[in-house]
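In the form predicted alone, a lone chain appears below as structure tokens.
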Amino acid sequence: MENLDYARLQMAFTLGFHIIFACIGMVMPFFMVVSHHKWLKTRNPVYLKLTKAWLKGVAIFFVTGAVSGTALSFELGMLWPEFMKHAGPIIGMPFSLEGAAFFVEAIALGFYLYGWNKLPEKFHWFTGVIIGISGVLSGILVVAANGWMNAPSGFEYINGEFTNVDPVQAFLNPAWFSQALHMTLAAFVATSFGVAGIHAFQILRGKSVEVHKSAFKIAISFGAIAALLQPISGDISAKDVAERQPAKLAAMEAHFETEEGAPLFLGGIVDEENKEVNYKIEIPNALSFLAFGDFDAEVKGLNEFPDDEIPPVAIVHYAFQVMVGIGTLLALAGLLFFISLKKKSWMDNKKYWWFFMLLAPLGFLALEAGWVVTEVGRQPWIIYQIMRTSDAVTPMPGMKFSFFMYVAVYILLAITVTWLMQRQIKALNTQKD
């Protein structure tokens, strides 16, 4: 069990870091091209300075995402060789296409970085658009591979062998759309509110207020729209999980008993030993409706499943509550921002900027919680109902050393990125209002 535990910890730790780097790298190019477009239209030097500052951020996170993503690709083979032995030929297509998207993104980034005053202005701006589109496509393709792990398709499993492989069907598995939509919106929410919060903090400090207000409005506009759309994608995801992974749904809501007209639990403390949830708030019939569109639909409880096929209920339930709670708060914050565009006096109140500054880390916390729900909620399966995680792990001894080595590398990477971004903010603060 030691190998399995350390392999899980290493994968969780490195994926937890990479997902942040990758999401920021996906979304920041869109801030950059909007600011660049405003510069081309207005010739306001504020937008030019902001565009070049965000460009440096995009370059930093492109490199960081490439490094952390490469490490993860090695980990798949090193930690889970039995999984890759069978899954590689089936889900190789989205990974190959992701590599192509990454290649296009790298070329476009090169044009954009070195094309100032050398390329026609509109073409130069368009290469920035390509950076953003390629980044989002890379994310969608990787999530499609993860969707296959939750909804395996495109093959026949006969006598322990994977045969009659159809890579296209595997790529377009039943889970890819709902997961890709939810993840893409989550990336925009987390990055937008994170970036907006940083600029709100600089406004409170009185540093280059005009620049930071412009940056705040661009970033939070993306985040507000994504946050208001996220409940729709969440509903699509919930219905998909209810149909394909009923044990995960039951763990998300910590429902132990099968019942018709199942209530939705808000909060609560899970008691796995006694199979109950204490101190919860119940909304009658709401889970049945959210899962199946019918207030009287039957929802399977965890007691219906074998003990060795039930995920860690408390972890999944708490992560789900964190994700939904923060998502609701950020949607309300997005609505508040749109109202503030009409009530401009709100932006003169320090409490407004304090509010958005305090929201900065919450989107990433919700992002991580969502991945915990997705990955831990699938356990004990690495390929849902096909291969157990314990059967895929490497037999190589000494995994604890690999784990601590990766922890050290990723912490160093995080410190380096933080230092570089602080430098960019200081440079941006030299702008005179």
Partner chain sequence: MLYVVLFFLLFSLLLYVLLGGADFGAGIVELFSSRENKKVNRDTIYRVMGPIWEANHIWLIILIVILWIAFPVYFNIIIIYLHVPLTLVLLGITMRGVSFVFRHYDAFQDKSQLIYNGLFRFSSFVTPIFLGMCFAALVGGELIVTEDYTNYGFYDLFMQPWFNGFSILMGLFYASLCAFLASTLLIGESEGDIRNMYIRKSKISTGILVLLGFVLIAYGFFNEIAFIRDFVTNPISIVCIILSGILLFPLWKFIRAGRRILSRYFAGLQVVLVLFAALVAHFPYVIITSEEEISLLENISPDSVIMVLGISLLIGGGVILPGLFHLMKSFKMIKIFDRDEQQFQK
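Residue numbers count along the first chain shown, from 1. On a predicted model such as this, the values are computed, not experimentally measured, just so you know.
Although it is not shown, the form predicted in complex with its partner chain is what the next lines describe.
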### Val168: touches its partner chain in the predicted complex, heavy atom cutoff 4.5 angstroms
yes
### Query
So in the predicted complex, does Lys118 come within 4.5 Å of its partner chain, heavy atom to heavy atom?
yes
### Message
in the predicted complex, is there a heavy atom of its partner chain that lies within 4.5 Å of any heavy atom of Leu9, even though the partner is absent here?
### Response
no
#### Entry: Proximity of Ala427 to its partner chain in the predicted complex, heavy atoms at 4.5 Å
yes
### Val129, Leu137 and Ser221 each touching its partner chain in the predicted complex (heavy atom, 4.5 Å)
no
### Location of its partner chain contact in the predicted complex, chosen stretch of 366 to 374, 383 to 391, 399 to 407, 25 to 33 [non-hydrogen atom, 4.5 Å]
399 to 407
### Task
Heavy atom within 4.5 Å of its partner chain in the predicted complex: which of Glu304, Asp235, Glu82, Glu210 fits that? Just give me the one.
Glu82
### Message
Counting any non-hydrogen atom inside 4.5 Å, which residue from Phe216, Trp176, Phe102, Phe265 sits next to its partner chain in the predicted complex?
### Response
Phe102
### Query
Are there residues in 83 to 117 with a heavy atom within 4.5 Å of its partner chain in the predicted complex, and which are they, in order?
Met84, Lys85, Gly88, Pro89, Gly92, Met93, Phe95, Ser96, Leu97, Gly99, Ala100, Phe102, Phe103, Val104, Ala106, Ile107, Gly110, Phe111, Leu113, Tyr114, Gly115
